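We begin with a single chain expressed as structure tokens, specifically the form predicted on its own.
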């Protein structure tokens, strides 16, 4: 039994447990470890094709029928995990809330000869949690409800779980994880666990299956060489958006992240229209650099009307901050926060897209390329190509891809 292990996820809904479970499972598989996820929610939906168990009342503590069915589903998952480990399985991941001591004790009794590591996921970021709840409310199990009704039902479901929530405290092997920041808050390990060093590395590594980093299409301000603003796309910019939509038509993209500016939303909309379903999530953290007193001016007007700005910014673009505005250096923190939201809201095994701006996309790309600060303002960010980024604990890959020539090559990924 030395190389067998059970990982039991713990936490309230929408706290990143399933994403963490998929990241753990996929990376261990890449390491040659035979791992498998046993998800209670997925099993519940399989047993209830009419989705009667999706209503909030099913999860109430005083719903005897619901409680019995939930316990039955938990036993079924445990039994399948036992069978998996009894054969050639090495790591069984129990993906469920597991928020009561009683449930965790049942897991412990079921695997007396196999070490168990409990991984509890927390998220203290209210904005990211709210966005995740809205995304959860759009899942197929709520398709019979309006988005508002689904969100209300899901929030009520969480309140039922909160009423019985018992955090980890005396389990022999336990890890407390901030799933938003991808960091370990606490850990208590009382025995030598197989794969444990790797598990800690996976938990704290941000993983990207396929990230498509796109700059918005051509705008009227681009034609006039103007700075900032909230310009709309030109006819050519709309054509670029349609070309992107055609390019990605056979690539599943469930979420497109944009800024709050019209040009990114107008670029994203045709792409989302070709995806069913697809959510567009606008993040203020991805708004373009604010040029302060230089907003709406052309670069030539800046040179003529504000020569001191032009002189001071020229040799030190990264650290220069526009008067009453921002600079690369001052927006770094908010862009990084936006990226944290992207990772938190993305399911590990899904493709994601960011439609952003030249300066913001430079900052995003620099997070992956480890570019020197003084190089970031000069990173190439065209409007007829996009960056394709893949990162896992084994390797990183980046490529700049034109999108007018042929459909994307990742249709089967």
Ligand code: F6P
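Residue numbers count along the first chain shown, from 1. Everything quoted here is computed from the prediction, not taken from an experiment.
There is another form of the same protein, the form predicted in complex with this ligand; it is not shown, and what comes next is about it.
Trainee: Pick from 159-167, 139-147, 219-227, 234-242: which stretch has non-hydrogen atoms within 4.5 Å of this ligand in the predicted complex?
Mentor: Selected stretch: 219-227.
Trainee: Counting any non-hydrogen atom inside 4.5 Å, which residue from 171, 120, 288, 95 sits next to this ligand in the predicted complex?
Mentor: By the 4.5 Å heavy-atom cutoff, the listed residue in contact is 288.
Trainee: Among 313, 209, 341, 103, which has any heavy atom within 4.5 Å of this ligand in the predicted complex?
Mentor: Contact with this ligand in the predicted complex is made by 313 alone.
Trainee: Would residue 37 count as touching this ligand in the predicted complex under a 4.5 Å heavy atom rule?
Mentor: No, residue 37 is distant from the partner.
Trainee: Given that the partner is absent here, does residue 247 sit within 4.5 Å of this ligand in the predicted complex, heavy atoms only?
Mentor: No, residue 247 sits far enough from this ligand in the predicted complex that none of its heavy atoms falls within 4.5 Å.
Trainee: Might residue 359 be said to contact this ligand in the predicted complex, defining contact as any heavy atom within 4.5 Å?
Mentor: So residue 359 counts as contacting this ligand.
Trainee: Given that the partner is absent here, does residue 328 sit within 4.5 Å of this ligand in the predicted complex, heavy atoms only?
Mentor: Heavy-atom contact with this ligand at 4.5 Å: present for residue 328.
Trainee: Would this ligand in the predicted complex be within 4.5 angstroms of a non-hydrogen atom of every residue among 23, 75 and 84?
Mentor: Judged in the predicted complex, none of 23, 75 and 84 sits within 4.5 Å of this ligand.
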